[in-house]
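Starting off, we have a lone chain in the form predicted on its own, written out as structure tokens.
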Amino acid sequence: MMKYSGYKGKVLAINLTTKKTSSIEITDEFARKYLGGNGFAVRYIFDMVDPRMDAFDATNVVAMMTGPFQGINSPTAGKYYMATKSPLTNGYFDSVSGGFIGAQIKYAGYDGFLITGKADKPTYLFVEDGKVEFRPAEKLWGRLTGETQEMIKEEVGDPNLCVSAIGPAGENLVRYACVITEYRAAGRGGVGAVLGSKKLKAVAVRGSGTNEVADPEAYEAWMQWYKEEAKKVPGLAVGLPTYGTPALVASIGKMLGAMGSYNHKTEFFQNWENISGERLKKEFWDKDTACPACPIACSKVFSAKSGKWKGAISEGPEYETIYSLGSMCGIDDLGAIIKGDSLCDEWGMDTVSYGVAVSFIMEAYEKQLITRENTDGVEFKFGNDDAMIAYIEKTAKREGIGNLIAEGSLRAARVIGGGSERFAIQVKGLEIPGHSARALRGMSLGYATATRGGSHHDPRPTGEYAGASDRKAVEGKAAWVIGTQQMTTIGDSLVNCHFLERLLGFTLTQKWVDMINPVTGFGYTLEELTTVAERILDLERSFNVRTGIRRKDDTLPRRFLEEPIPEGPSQGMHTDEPTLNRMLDEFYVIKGWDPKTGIPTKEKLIRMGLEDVADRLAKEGISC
């Protein structure tokens, strides 16, 4: 039995090839060293996966994890965590999703699952209180995510059963296929495609256990502190509960002029008001929803009540989807964006990567690098909402040019040629979300150095929006970015929502420590928690350098490096290559990574307690 709380003390290892399972013990030392979620997953994946193999190889592992906060009714912790070697970026990748299934994994007696192997036919897993069943899923294969969840609930006879499922996009190995739980997505990086390669259609979990905290009285005191302090934060008390993340359209799109539009040819969308959160709330809102136990309730159900897309309904769209399916494609019809959001969820695809890949195709079409002969006669011009909608299904099925869109913008650019890689809006193969690398200096360095590449959940833009760090400054930006990456890493290891940053700090602070200790009993200091974050980040980087990733890959699209924002409030802003290199030099020195290669040094790895990782890199001839 563990002396620390918030853990069940074991992870379930599942081999789909052999249909055998086993338990891996979580020791007190392991829990304290890696915390949970992100930390657990990267340690296991580093140890179990040869990073040189293809992501669709049967030996790849999908980690489905929890942290110490799942199952204790903590606000912002109604989530679960997934990680794997990505078929899109070729590196370590993780994604956090809302849903009751995180708590159910705890209640079933586990801290997480490690899924490897490949089933000989479509399968779904049913896990209940320590028992695992490999169930046939032929009749589910080809089904959308919503009907898959409902069919499994009906088969088990439990309408409240928690199910995470892939759609046809995952089955067809679309490189950014996602996993849908209820209506929430483990969206980015292609975890759904890896499950599809394993012929695993879904995971269903229920349990009758509990999860415990170390110091109930101190935890209750923290909960009371949270309730009172959250009322004082406008974003948590008003903005997100009222409008959800679409509220960002006005602040980012109008006030900053930093919302990528027309494949980032500009970042000021003239018709921003048509896709604003205020208009969504006034004309399209049906009801609020929330992740389990979350008082913020930032999720909304919207529907088109009139117009061309009347009847379209979705939980969402979030700000990122309004950017990717909207301004990036030159589309200002909220009905079309709602329809696209719903279809991407049902077919099982990340809306950000799909929308940004489509906007790339639209610019390639505009530049006549592809023609109607390549697009089945479809005019793929900016603003064509019919094309954006129609190619969701075609991409999921890999039909026509949908087969190219399914590869993501970087691989598509390498097929199209003609210099198109210049305007493929991605970093390390991952399409960039709706937070500008040109208007926010921290995001330029943050995207370049992020484990995942173009993700706003490695570095965070929120502190620069709030003025906690000057968005135009170069001095001190490396330390700022490192601080935000440490914060998100701890958040992902706890498997908590990053919106906590508005209350606990944009970088790690004593407030994060004060939240963790009553639940776990670790008695962390801020220094030790920061070391935990750095250890996890160094493990991620070490996995990636074993795939060949180096400093040369820590960069941005040429468009961002060479073309300033042409208009709007942020006109003239960008980070050129010399400035990025200057920030990278400072970043590597602070991190303890070799400035020439970007590889963690042996001294840094040993200082983080990762002697075995240093030995592994040395054994593989990777100089550090």
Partner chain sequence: MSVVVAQEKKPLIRFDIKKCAFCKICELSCSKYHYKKFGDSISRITIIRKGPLMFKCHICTRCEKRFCITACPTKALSYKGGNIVVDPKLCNSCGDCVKACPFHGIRLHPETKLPLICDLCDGDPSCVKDCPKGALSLVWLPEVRK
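Model, not experiment: these values are computed from the prediction. Residue numbers count along the first chain shown, from 1.
Here the subject shifts to the form predicted in complex with its partner chain, a form of this protein not shown in this document.
- For a residue to qualify, one of its non-hydrogen atoms must sit within 4.5 Å of its partner chain in the predicted complex; all three of Tyr183, Lys227 and Thr289 qualify.
- Of the candidate stretches 280-288, 538-546, 114-122, 442-450, only 280-288 has residues with heavy atoms within 4.5 Å of its partner chain in the predicted complex.
- Contact with its partner chain in the predicted complex, judged by any heavy atom within 4.5 Å, is made by just one of Gly142, Gly209, Gly383, Gly400: Gly209.
- Interface residue among Trp309, Tyr262, Tyr524, Tyr219 relative to its partner chain in the predicted complex, by the heavy atom within 4.5 Å criterion: Tyr219.
- At a distance threshold of 4.5 angstroms between non-hydrogen atoms, Gln368 is out of contact with its partner chain in the predicted complex.
- With a 4.5 Å cutoff on heavy atoms, Gln104 counts as touching its partner chain in the predicted complex.
- In the predicted complex, at least one heavy atom of Glu315 sits within 4.5 Å of a heavy atom of its partner chain.
- Of the heavy atoms in Met515, none are within 4.5 Å of its partner chain in the predicted complex.
- Residues Gly71, Ile72, Asn73 are the members of 47-79 with a non-hydrogen atom no more than 4.5 angstroms from its partner chain in the predicted complex.
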